[in-house]
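Just the one chain here, laid out as structure tokens, in the form predicted on its own.
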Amino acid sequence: MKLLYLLRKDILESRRGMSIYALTLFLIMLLPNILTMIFSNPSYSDIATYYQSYFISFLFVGGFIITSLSFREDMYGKSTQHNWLMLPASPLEKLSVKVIYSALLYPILLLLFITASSLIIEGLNTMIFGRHYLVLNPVDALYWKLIPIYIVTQSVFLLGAAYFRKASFVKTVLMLNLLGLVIGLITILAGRIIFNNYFDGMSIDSDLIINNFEIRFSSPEAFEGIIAFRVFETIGKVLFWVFLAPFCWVVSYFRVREVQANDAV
């Protein structure tokens, strides 16, 4: 019950900003649509994927930005931090509300909003121009495959929101790029060691790949590279789907608890 009150509080406090966000998104979808109907004839691929591209863009880019703002106005706000600290809720409850709001409510509401917007816009197009784009189908399997990916990846930006007081989105993206650079270098080094027979100097030689593959195909060692790739792929999937989001949530919880303990003194 306490979570519902906290969630209601967050929704009420953000309703103005989210209303502006929704209006902006609606206009972004409407204006290019009308101009295209007036001045050109959209192709079938554009007709079929028009709203799909908007959903994907605003799910990830918009969702990451909104998530990065999760703690800016309460946990780190100069005029609002005191009220946030005095809330009769534990750090776990305060974090859980942010997870529910940004990871669960946002993608579902975005899907419903774009679906409703597409019905309105394409209804107008049909009446005025006699043609229309395909409306968004909210039960399309693609969207329900993307939402779990969003839930996992946005946990990283929630962690950034909890740790960085200012410019959390930019700082989180910067840290992800640095981490990606390190992982990339480690991957290249591991590949250079594992697949040494396929390298000529520091570059891969296609002739060496063909020759080594033909020579070693009949032996058990022929599958060493494939097995190594499968192992890395499995490890990556396990880390992504099982450990990434819980790790970010746990670290975020300790950060929220730290801020509440230090700043409340």
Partner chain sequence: MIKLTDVSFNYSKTKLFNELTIDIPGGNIYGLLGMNGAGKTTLLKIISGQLYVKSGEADVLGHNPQKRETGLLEQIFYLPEEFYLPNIELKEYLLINVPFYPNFDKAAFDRYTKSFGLDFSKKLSEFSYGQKKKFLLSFGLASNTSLLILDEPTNGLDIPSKSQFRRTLASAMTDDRTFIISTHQVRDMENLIDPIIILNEGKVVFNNSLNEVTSALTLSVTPAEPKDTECVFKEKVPGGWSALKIRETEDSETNVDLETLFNAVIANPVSLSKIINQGV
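Small disclaimer: the values here were computed from a predicted structure and weren't measured. Numbering follows the first chain given and starts at 1.
As for the form predicted together with its partner chain, it is not shown, yet the points below apply to it.
Enquirer: Taking its partner chain as it sits in the predicted complex, is Leu179 near enough to touch it, meaning that at least one heavy atom pair lies within 4.5 angstroms?
Expert: It does not: once its partner chain is placed as it appears in the predicted complex, Leu179 has no heavy atom within 4.5 Å of it.
Enquirer: Does Leu12 reach its partner chain in the predicted complex if we count a contact as any heavy atom within 4.5 Å?
Expert: Yes, Leu12 lies within 4.5 Å of its partner chain in the predicted complex.
Enquirer: Is Val256 near its partner chain? Define near as a heavy atom within 4.5 Å, in the predicted complex.
Expert: Flag for Val256 set to yes.
Enquirer: Hey, in the predicted complex, is Glu93 touching its partner chain, heavy atoms inside 4.5 Å?
Expert: Contact with its partner chain, yes.
Enquirer: Taking Thr80, Asn83 and Leu87 together, does each of them reach its partner chain in the predicted complex with some heavy atom inside 4.5 Å?
Expert: Every residue of the candidate spot has a heavy atom within 4.5 Å of its partner chain in the predicted complex.
Enquirer: Among 72 to 80, 100 to 108, 168 to 176, 148 to 156, mark the stretch whose residues have heavy atoms within 4.5 Å of its partner chain in the predicted complex.
Expert: Only one stretch qualifies here: 72 to 80.
Enquirer: Sequence order please: the residues of 1 to 28 with a heavy atom within 4.5 Å of its partner chain in the predicted complex.
Expert: Read in sequence order, the residues that approach its partner chain (within 4.5 Å, in the predicted complex) are Lys2, Tyr5, Leu6, Arg8, Lys9, Leu12, Glu13, Arg15, Arg16.
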